[in-house]
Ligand code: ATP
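Below, in C-alpha coordinates: the form predicted alone, a single chain.
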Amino acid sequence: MGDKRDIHLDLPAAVLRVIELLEDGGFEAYVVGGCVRDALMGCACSDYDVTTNALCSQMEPLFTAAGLRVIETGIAHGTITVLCEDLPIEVTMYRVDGPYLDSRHPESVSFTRDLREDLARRDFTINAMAYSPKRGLVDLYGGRDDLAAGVIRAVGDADKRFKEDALRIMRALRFAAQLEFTIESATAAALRENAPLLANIAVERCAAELVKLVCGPGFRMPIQDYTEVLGVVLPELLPMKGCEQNNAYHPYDVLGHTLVAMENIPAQPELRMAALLHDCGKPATYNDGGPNQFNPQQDRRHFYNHPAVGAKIARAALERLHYPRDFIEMVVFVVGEHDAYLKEDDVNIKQWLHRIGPERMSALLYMKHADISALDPRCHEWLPIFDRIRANMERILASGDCWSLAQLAVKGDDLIAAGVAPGPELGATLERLLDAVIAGEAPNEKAALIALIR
(Lines give C-alpha, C1' and ligand atoms only; values in the text may rest on other atoms or scores of the structure.)
Protein backbone atom coordinates (compact mmCIF):
# COMPACT_ATOMS: atom_id res chain seq x y z
CA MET A 1 0.00 0.00 0.00
CA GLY A 2 2.95 2.33 0.55
CA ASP A 3 4.14 4.26 -2.47
CA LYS A 4 7.54 5.67 -1.63
CA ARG A 5 8.47 7.07 -5.05
CA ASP A 6 11.65 8.38 -3.35
CA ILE A 7 9.55 10.60 -1.10
CA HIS A 8 10.93 11.77 2.20
CA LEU A 9 9.02 14.31 4.25
CA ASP A 10 10.73 16.32 6.94
CA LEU A 11 8.59 15.99 10.06
CA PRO A 12 9.16 17.57 13.49
CA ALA A 13 10.98 15.41 15.99
CA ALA A 14 7.86 15.39 18.20
CA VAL A 15 5.75 13.90 15.40
CA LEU A 16 8.39 11.30 14.63
CA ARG A 17 8.48 10.41 18.33
CA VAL A 18 4.72 9.81 18.46
CA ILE A 19 4.85 7.61 15.33
CA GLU A 20 7.83 5.71 16.73
CA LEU A 21 6.09 4.97 20.02
CA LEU A 22 3.05 3.57 18.22
CA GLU A 23 5.12 1.45 15.85
CA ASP A 24 7.35 0.17 18.66
CA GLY A 25 4.09 -0.90 20.33
CA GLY A 26 3.24 -3.05 17.34
CA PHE A 27 0.88 -0.70 15.50
CA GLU A 28 0.81 1.20 12.21
CA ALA A 29 1.05 5.00 12.33
CA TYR A 30 0.99 7.69 9.65
CA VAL A 31 0.74 11.46 9.47
CA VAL A 32 -2.35 12.20 7.45
CA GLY A 33 -4.33 14.98 5.79
CA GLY A 34 -3.32 18.61 5.55
CA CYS A 35 0.14 18.20 7.05
CA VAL A 36 1.06 15.71 4.31
CA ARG A 37 -0.33 18.04 1.65
CA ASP A 38 1.64 20.98 3.04
CA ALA A 39 4.85 18.98 3.37
CA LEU A 40 4.61 17.83 -0.25
CA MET A 41 4.13 21.46 -1.30
CA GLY A 42 7.06 22.61 0.81
CA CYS A 43 4.80 24.74 3.00
CA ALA A 44 5.21 25.30 6.72
CA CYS A 45 2.79 23.42 8.95
CA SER A 46 2.00 23.70 12.64
CA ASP A 47 -0.95 21.29 12.83
CA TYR A 48 -0.14 17.57 12.67
CA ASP A 49 -2.59 14.68 12.67
CA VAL A 50 -1.54 11.07 13.12
CA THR A 51 -3.72 8.10 12.24
CA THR A 52 -3.19 4.59 13.54
CA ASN A 53 -4.77 1.17 13.84
CA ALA A 54 -4.43 1.30 17.64
CA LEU A 55 -7.45 1.85 19.88
CA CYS A 56 -7.38 4.77 22.31
CA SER A 57 -7.08 2.30 25.16
CA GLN A 58 -3.96 0.90 23.47
CA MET A 59 -2.44 4.27 22.55
CA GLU A 60 -2.63 5.97 25.94
CA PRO A 61 -0.39 3.57 27.90
CA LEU A 62 2.31 3.87 25.24
CA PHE A 63 2.41 7.65 25.52
CA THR A 64 2.04 7.95 29.28
CA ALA A 65 4.80 5.35 29.80
CA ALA A 66 7.05 7.56 27.69
CA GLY A 67 6.25 10.54 29.93
CA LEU A 68 4.02 12.32 27.44
CA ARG A 69 0.83 14.07 28.48
CA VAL A 70 -2.38 12.71 26.97
CA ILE A 71 -5.60 14.72 26.68
CA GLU A 72 -8.78 12.80 25.94
CA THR A 73 -10.16 15.26 23.41
CA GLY A 74 -12.41 12.92 21.43
CA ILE A 75 -12.45 9.39 22.82
CA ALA A 76 -15.89 8.71 21.31
CA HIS A 77 -14.42 9.43 17.87
CA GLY A 78 -11.19 7.56 18.54
CA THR A 79 -9.09 10.69 19.08
CA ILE A 80 -6.65 11.73 21.76
CA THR A 81 -4.23 14.64 21.81
CA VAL A 82 -0.61 13.98 22.76
CA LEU A 83 1.63 16.81 23.97
CA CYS A 84 5.16 16.10 22.84
CA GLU A 85 7.80 18.82 23.15
CA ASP A 86 4.92 21.30 23.65
CA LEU A 87 3.47 20.37 20.25
CA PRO A 88 -0.14 19.12 20.41
CA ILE A 89 -0.57 16.15 18.05
CA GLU A 90 -3.98 14.61 17.42
CA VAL A 91 -3.86 10.84 17.17
CA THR A 92 -6.94 9.09 15.78
CA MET A 93 -7.69 5.47 15.07
CA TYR A 94 -8.58 4.51 11.49
CA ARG A 95 -12.31 5.02 11.29
CA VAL A 96 -15.32 4.79 9.05
CA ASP A 97 -18.12 7.36 9.31
CA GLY A 98 -21.73 6.29 9.55
CA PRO A 99 -24.60 8.02 7.72
CA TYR A 100 -24.79 11.82 7.74
CA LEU A 101 -28.30 13.07 8.51
CA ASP A 102 -27.61 16.76 9.19
CA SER A 103 -25.20 17.55 6.33
CA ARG A 104 -22.41 17.97 8.85
CA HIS A 105 -21.84 15.16 11.39
CA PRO A 106 -21.96 11.37 11.02
CA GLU A 107 -24.59 9.71 13.17
CA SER A 108 -22.03 7.15 14.25
CA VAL A 109 -18.36 6.28 13.90
CA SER A 110 -16.92 2.80 13.65
CA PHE A 111 -13.28 1.86 13.84
CA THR A 112 -11.32 -0.16 11.32
CA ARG A 113 -7.89 -1.70 11.08
CA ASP A 114 -7.59 -0.76 7.40
CA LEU A 115 -6.04 2.59 6.46
CA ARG A 116 -7.71 2.44 3.05
CA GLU A 117 -11.15 2.66 4.61
CA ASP A 118 -10.09 5.68 6.64
CA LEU A 119 -8.73 7.54 3.60
CA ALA A 120 -11.89 6.79 1.60
CA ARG A 121 -14.02 8.95 3.95
CA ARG A 122 -11.93 12.10 3.52
CA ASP A 123 -12.97 15.18 1.55
CA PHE A 124 -10.45 15.90 -1.23
CA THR A 125 -7.68 13.89 -2.83
CA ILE A 126 -5.03 16.35 -1.72
CA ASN A 127 -6.14 15.77 1.89
CA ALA A 128 -6.45 11.97 1.59
CA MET A 129 -2.77 11.06 1.66
CA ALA A 130 -0.88 9.44 4.52
CA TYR A 131 2.85 9.18 5.12
CA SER A 132 5.03 6.98 7.27
CA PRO A 133 8.78 7.37 7.49
CA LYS A 134 9.02 3.56 7.17
CA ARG A 135 6.24 2.83 4.67
CA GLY A 136 6.38 5.95 2.56
CA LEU A 137 3.45 7.78 0.97
CA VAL A 138 0.01 6.22 0.72
CA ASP A 139 -1.85 7.96 -2.08
CA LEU A 140 -4.86 5.94 -3.24
CA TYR A 141 -6.77 8.74 -5.00
CA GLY A 142 -4.14 10.62 -6.97
CA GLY A 143 -3.66 13.40 -4.46
CA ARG A 144 -0.04 13.96 -5.38
CA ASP A 145 -0.91 14.28 -9.08
CA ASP A 146 -3.72 16.70 -8.23
CA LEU A 147 -1.30 18.76 -6.18
CA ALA A 148 1.05 18.93 -9.15
CA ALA A 149 -1.83 19.86 -11.47
CA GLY A 150 -3.32 22.40 -9.05
CA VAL A 151 -6.72 20.69 -8.82
CA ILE A 152 -9.29 20.33 -6.05
CA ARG A 153 -11.02 16.97 -6.56
CA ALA A 154 -13.41 15.16 -4.22
CA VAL A 155 -12.53 11.69 -3.02
CA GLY A 156 -14.81 9.23 -4.80
CA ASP A 157 -18.36 10.46 -5.44
CA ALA A 158 -18.32 14.25 -5.14
CA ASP A 159 -22.09 14.48 -4.67
CA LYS A 160 -21.90 12.05 -1.77
CA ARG A 161 -18.99 13.91 -0.18
CA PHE A 162 -20.88 17.23 -0.16
CA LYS A 163 -24.15 15.68 1.00
CA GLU A 164 -22.26 14.09 3.89
CA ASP A 165 -20.77 17.38 5.04
CA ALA A 166 -21.86 20.59 3.34
CA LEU A 167 -19.04 22.54 4.97
CA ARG A 168 -16.83 20.80 2.43
CA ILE A 169 -18.36 23.16 -0.16
CA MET A 170 -16.82 26.14 1.61
CA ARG A 171 -13.62 24.21 2.19
CA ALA A 172 -13.31 23.47 -1.54
CA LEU A 173 -13.63 27.17 -2.35
CA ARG A 174 -11.28 28.10 0.46
CA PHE A 175 -8.59 25.64 -0.69
CA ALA A 176 -8.97 26.94 -4.24
CA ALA A 177 -8.35 30.47 -2.92
CA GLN A 178 -5.48 29.57 -0.62
CA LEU A 179 -3.65 27.28 -3.02
CA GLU A 180 -4.67 29.07 -6.26
CA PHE A 181 -6.08 25.77 -7.56
CA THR A 182 -8.94 25.07 -9.95
CA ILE A 183 -11.89 22.85 -9.04
CA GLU A 184 -12.32 19.64 -11.06
CA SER A 185 -15.47 19.65 -13.19
CA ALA A 186 -17.44 16.87 -11.45
CA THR A 187 -16.52 18.31 -8.07
CA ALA A 188 -17.57 21.79 -9.23
CA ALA A 189 -20.92 20.50 -10.52
CA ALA A 190 -21.66 18.69 -7.27
CA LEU A 191 -20.57 21.75 -5.29
CA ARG A 192 -23.07 23.94 -7.13
CA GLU A 193 -25.85 21.37 -6.88
CA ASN A 194 -25.45 21.01 -3.13
CA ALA A 195 -24.86 24.68 -2.30
CA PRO A 196 -28.30 25.06 -0.60
CA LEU A 197 -27.12 22.59 2.06
CA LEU A 198 -24.81 25.30 3.41
CA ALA A 199 -27.89 26.72 5.10
CA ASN A 200 -27.69 23.73 7.47
CA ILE A 201 -24.17 24.57 8.63
CA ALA A 202 -23.39 26.63 11.72
CA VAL A 203 -22.73 30.19 10.58
CA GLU A 204 -19.53 30.36 12.62
CA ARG A 205 -18.02 27.51 10.60
CA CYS A 206 -18.92 29.12 7.28
CA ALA A 207 -17.67 32.50 8.51
CA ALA A 208 -14.29 31.01 9.42
CA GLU A 209 -13.93 29.48 5.95
CA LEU A 210 -15.01 32.75 4.30
CA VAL A 211 -12.26 34.74 6.04
CA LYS A 212 -9.62 32.22 4.97
CA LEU A 213 -11.01 32.38 1.42
CA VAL A 214 -10.87 36.16 1.09
CA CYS A 215 -7.33 36.21 2.47
CA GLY A 216 -6.12 33.60 -0.02
CA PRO A 217 -4.05 34.78 -2.99
CA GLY A 218 -6.47 33.09 -5.40
CA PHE A 219 -9.71 34.52 -3.97
CA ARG A 220 -10.83 35.99 -7.32
CA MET A 221 -11.85 32.72 -9.00
CA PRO A 222 -14.05 31.36 -6.17
CA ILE A 223 -15.82 34.68 -5.65
CA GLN A 224 -16.28 35.45 -9.33
CA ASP A 225 -17.15 31.96 -10.59
CA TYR A 226 -19.07 30.70 -7.55
CA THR A 227 -20.88 33.86 -6.47
CA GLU A 228 -24.20 32.02 -6.26
CA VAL A 229 -22.66 29.37 -4.01
CA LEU A 230 -21.09 31.91 -1.67
CA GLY A 231 -24.38 33.79 -1.81
CA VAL A 232 -25.93 31.10 0.38
CA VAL A 233 -23.58 32.25 3.15
CA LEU A 234 -23.25 35.91 2.12
CA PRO A 235 -26.31 36.86 0.04
CA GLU A 236 -25.10 40.47 0.02
CA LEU A 237 -22.74 39.44 -2.81
CA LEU A 238 -25.52 38.47 -5.20
CA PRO A 239 -26.81 41.93 -6.24
CA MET A 240 -23.23 43.13 -6.72
CA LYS A 241 -22.66 40.75 -9.63
CA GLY A 242 -23.91 42.31 -12.84
CA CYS A 243 -24.64 45.67 -11.22
CA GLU A 244 -23.22 47.87 -13.98
CA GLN A 245 -21.88 51.27 -13.00
CA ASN A 246 -21.90 52.90 -16.48
CA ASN A 247 -19.47 55.52 -15.34
CA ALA A 248 -16.37 56.71 -17.17
CA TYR A 249 -14.30 56.04 -14.06
CA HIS A 250 -15.70 52.55 -13.48
CA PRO A 251 -14.80 49.98 -16.16
CA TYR A 252 -16.23 47.08 -14.11
CA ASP A 253 -19.53 46.10 -12.58
CA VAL A 254 -19.68 46.39 -8.79
CA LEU A 255 -18.39 42.89 -8.14
CA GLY A 256 -15.61 43.24 -10.70
CA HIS A 257 -14.51 46.52 -9.14
CA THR A 258 -14.62 44.84 -5.72
CA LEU A 259 -12.33 42.01 -6.84
CA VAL A 260 -9.74 44.41 -8.26
CA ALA A 261 -9.84 46.45 -5.04
CA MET A 262 -9.28 43.26 -3.02
CA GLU A 263 -6.22 42.49 -5.13
CA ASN A 264 -4.76 45.84 -4.12
CA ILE A 265 -5.21 45.62 -0.35
CA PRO A 266 -3.12 43.60 2.16
CA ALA A 267 -4.30 40.07 2.89
CA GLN A 268 -5.46 40.86 6.42
CA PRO A 269 -8.92 39.59 7.48
CA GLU A 270 -10.49 42.96 8.34
CA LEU A 271 -9.04 44.69 5.28
CA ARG A 272 -10.01 41.98 2.80
CA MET A 273 -13.52 41.73 4.24
CA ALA A 274 -13.89 45.52 4.15
CA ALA A 275 -12.76 45.53 0.52
CA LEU A 276 -15.23 42.73 -0.27
CA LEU A 277 -18.11 44.73 1.21
CA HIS A 278 -17.04 48.32 0.58
CA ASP A 279 -19.50 48.81 -2.29
CA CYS A 280 -22.22 46.44 -1.11
CA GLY A 281 -24.49 49.48 -0.72
CA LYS A 282 -24.37 50.36 -4.42
CA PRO A 283 -27.10 48.04 -5.74
CA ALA A 284 -29.53 49.47 -3.17
CA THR A 285 -28.67 53.09 -4.03
CA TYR A 286 -28.71 52.92 -7.81
CA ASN A 287 -29.77 56.17 -9.44
CA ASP A 288 -30.02 56.78 -13.17
CA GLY A 289 -28.25 60.07 -13.67
CA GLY A 290 -29.04 60.54 -17.34
CA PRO A 291 -26.88 60.29 -20.47
CA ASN A 292 -23.20 59.48 -20.10
CA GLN A 293 -21.18 62.16 -21.90
CA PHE A 294 -18.38 59.68 -22.55
CA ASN A 295 -20.70 57.09 -24.07
CA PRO A 296 -24.10 58.31 -25.31
CA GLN A 297 -25.32 54.70 -25.54
CA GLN A 298 -25.01 54.36 -21.77
CA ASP A 299 -26.70 56.12 -18.89
CA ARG A 300 -24.55 57.65 -16.18
CA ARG A 301 -25.40 55.92 -12.92
CA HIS A 302 -24.95 57.31 -9.42
CA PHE A 303 -24.96 55.58 -6.06
CA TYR A 304 -25.62 58.41 -3.65
CA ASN A 305 -24.89 57.71 0.03
CA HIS A 306 -23.79 54.16 -0.77
CA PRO A 307 -21.04 54.09 1.92
CA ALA A 308 -23.54 54.73 4.73
CA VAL A 309 -26.02 52.25 3.27
CA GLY A 310 -23.21 49.76 2.74
CA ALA A 311 -22.09 50.12 6.36
CA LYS A 312 -25.57 49.09 7.54
CA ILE A 313 -25.65 46.15 5.14
CA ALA A 314 -22.15 45.07 6.18
CA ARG A 315 -23.01 45.26 9.88
CA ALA A 316 -26.11 43.12 9.43
CA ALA A 317 -24.16 40.55 7.40
CA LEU A 318 -21.23 40.30 9.80
CA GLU A 319 -23.46 40.12 12.86
CA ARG A 320 -25.48 37.38 11.21
CA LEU A 321 -22.24 35.45 10.69
CA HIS A 322 -21.23 36.01 14.34
CA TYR A 323 -17.88 37.63 13.66
CA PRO A 324 -16.12 39.13 16.71
CA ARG A 325 -17.24 42.60 17.75
CA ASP A 326 -13.90 44.32 17.08
CA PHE A 327 -13.74 42.72 13.63
CA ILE A 328 -17.23 43.97 12.80
CA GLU A 329 -16.54 47.50 14.00
CA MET A 330 -13.37 47.82 11.93
CA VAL A 331 -15.00 46.49 8.74
CA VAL A 332 -18.12 48.63 9.17
CA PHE A 333 -16.01 51.73 9.80
CA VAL A 334 -13.96 51.23 6.62
CA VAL A 335 -17.06 50.53 4.53
CA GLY A 336 -18.81 53.61 5.88
CA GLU A 337 -15.84 55.96 5.43
CA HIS A 338 -14.23 54.66 2.25
CA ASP A 339 -15.34 57.72 0.26
CA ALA A 340 -14.09 60.19 2.89
CA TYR A 341 -12.06 63.15 1.66
CA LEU A 342 -8.51 63.08 3.02
CA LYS A 343 -5.84 65.74 2.60
CA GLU A 344 -2.11 65.35 3.01
CA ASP A 345 -1.37 68.35 5.25
CA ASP A 346 -0.40 67.65 8.85
CA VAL A 347 -3.39 69.46 10.36
CA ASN A 348 -5.89 67.33 8.46
CA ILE A 349 -4.01 64.14 9.26
CA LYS A 350 -3.85 64.97 12.98
CA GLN A 351 -7.56 65.76 12.99
CA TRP A 352 -8.31 62.37 11.48
CA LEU A 353 -5.93 60.66 13.92
CA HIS A 354 -7.75 62.33 16.81
CA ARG A 355 -11.10 61.27 15.44
CA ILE A 356 -10.38 57.64 14.52
CA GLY A 357 -6.92 56.65 15.81
CA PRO A 358 -3.88 55.27 13.95
CA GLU A 359 -5.22 51.73 13.35
CA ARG A 360 -8.39 52.89 11.64
CA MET A 361 -6.53 55.64 9.80
CA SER A 362 -4.14 53.05 8.38
CA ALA A 363 -7.01 50.75 7.36
CA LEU A 364 -8.85 53.63 5.69
CA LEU A 365 -5.75 54.60 3.70
CA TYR A 366 -5.34 51.02 2.51
CA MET A 367 -8.99 51.02 1.40
CA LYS A 368 -8.70 54.39 -0.35
CA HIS A 369 -5.62 53.21 -2.25
CA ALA A 370 -7.28 49.91 -3.21
CA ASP A 371 -10.49 51.65 -4.28
CA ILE A 372 -8.66 54.08 -6.56
CA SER A 373 -6.57 51.21 -7.97
CA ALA A 374 -9.81 49.58 -9.14
CA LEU A 375 -10.93 52.63 -11.12
CA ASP A 376 -10.12 53.56 -14.69
CA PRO A 377 -6.32 54.00 -15.16
CA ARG A 378 -6.87 57.74 -15.65
CA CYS A 379 -7.64 57.89 -11.92
CA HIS A 380 -4.40 56.25 -10.85
CA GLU A 381 -2.63 59.60 -10.82
CA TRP A 382 -4.38 60.13 -7.46
CA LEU A 383 -2.67 57.14 -5.85
CA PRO A 384 0.51 59.01 -4.79
CA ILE A 385 -1.66 61.29 -2.66
CA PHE A 386 -2.47 58.41 -0.32
CA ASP A 387 1.15 57.29 -0.26
CA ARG A 388 2.11 60.78 0.90
CA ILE A 389 -0.67 60.86 3.49
CA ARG A 390 0.58 57.55 4.92
CA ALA A 391 4.18 58.78 4.97
CA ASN A 392 3.12 61.98 6.72
CA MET A 393 1.03 60.05 9.21
CA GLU A 394 3.93 57.74 10.05
CA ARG A 395 6.22 60.75 10.50
CA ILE A 396 3.71 62.41 12.85
CA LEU A 397 3.34 59.24 14.89
CA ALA A 398 7.10 58.70 15.08
CA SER A 399 7.82 62.32 16.06
CA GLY A 400 5.40 62.35 18.98
CA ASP A 401 3.51 65.37 17.63
CA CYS A 402 0.34 66.02 19.57
CA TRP A 403 -2.89 64.73 18.01
CA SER A 404 -4.72 63.23 21.01
CA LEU A 405 -5.94 64.38 24.41
CA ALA A 406 -3.54 61.88 25.99
CA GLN A 407 -0.62 63.85 24.50
CA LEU A 408 -1.95 67.26 25.47
CA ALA A 409 0.31 69.08 27.94
CA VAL A 410 -2.62 69.90 30.23
CA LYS A 411 -5.08 67.55 31.90
CA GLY A 412 -8.44 67.99 33.50
CA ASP A 413 -6.98 68.70 36.93
CA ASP A 414 -4.85 71.51 35.49
CA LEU A 415 -7.91 73.18 34.02
CA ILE A 416 -9.90 72.80 37.22
CA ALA A 417 -7.04 74.44 39.12
CA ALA A 418 -7.16 77.23 36.54
CA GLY A 419 -10.84 77.81 37.23
CA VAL A 420 -12.63 75.66 34.67
CA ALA A 421 -15.73 74.00 36.13
CA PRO A 422 -15.82 70.18 36.18
CA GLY A 423 -18.31 68.58 33.82
CA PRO A 424 -19.12 69.10 30.14
CA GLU A 425 -17.29 72.45 30.04
CA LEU A 426 -14.07 70.75 31.11
CA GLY A 427 -14.16 68.23 28.25
CA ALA A 428 -15.13 70.88 25.72
CA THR A 429 -12.23 73.09 26.83
CA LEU A 430 -9.74 70.24 26.46
CA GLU A 431 -11.05 69.61 22.96
CA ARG A 432 -10.69 73.29 22.05
CA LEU A 433 -7.13 73.35 23.33
CA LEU A 434 -6.29 70.24 21.34
CA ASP A 435 -7.80 71.84 18.24
CA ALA A 436 -5.58 74.87 18.79
CA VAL A 437 -2.46 72.72 19.16
CA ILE A 438 -3.28 70.65 16.08
CA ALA A 439 -3.94 73.82 14.06
CA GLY A 440 -0.61 75.29 15.16
CA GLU A 441 -2.31 78.16 16.98
CA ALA A 442 -0.67 77.28 20.31
CA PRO A 443 2.36 75.23 21.39
CA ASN A 444 1.72 72.05 23.34
CA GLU A 445 3.06 73.56 26.54
CA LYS A 446 1.23 73.71 29.85
CA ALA A 447 1.86 77.40 30.55
CA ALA A 448 0.86 78.46 27.06
CA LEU A 449 -2.36 76.42 27.15
CA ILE A 450 -3.36 77.69 30.59
CA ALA A 451 -2.72 81.23 29.39
CA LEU A 452 -4.87 80.57 26.34
CA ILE A 453 -7.96 79.60 28.35
CA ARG A 454 -7.50 82.65 30.59
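The shown structure was predicted, so the numbers you read here are calculated from the model rather than taken from an experiment. A residue's number is simply how far along the shown sequence it sits, counting from 1.
The same protein also has a form predicted together with the ligand, omitted here; what follows describes it.
Contact with the ligand, judged by heavy atoms within 4.5 Å in the model of the complex, is confined among 386-394, 59-67, 31-39, 423-431 to 31-39. Here is the short version: of 236, 184, 123, 146, the single residue with a heavy atom within 4.5 Å of the ligand in the model of the complex is 123. Between the ligand and the residues 315, 134, 212, 116, the one pair within 4.5 Å by heavy atoms in the model of the complex involves 212. Although the partner is absent from this view, residue 354 stays clear of the ligand in the model of the complex, with no non-hydrogen atom inside 4.5 angstroms.
Proximity of residue 250 to the ligand in the model of the complex falls outside the 4.5 Å heavy atom cutoff. Mapping the unseen interface onto this chain, residue 165 counts among the residues with a heavy atom inside 4.5 Å of the ligand in the model of the complex.
In the model of the complex, the ligand lies within 4.5 Å of some heavy atom of residue 175. Applying a 4.5 Å heavy atom cutoff to the ligand in the model of the complex picks out 49 as the lone residue from 48-69.
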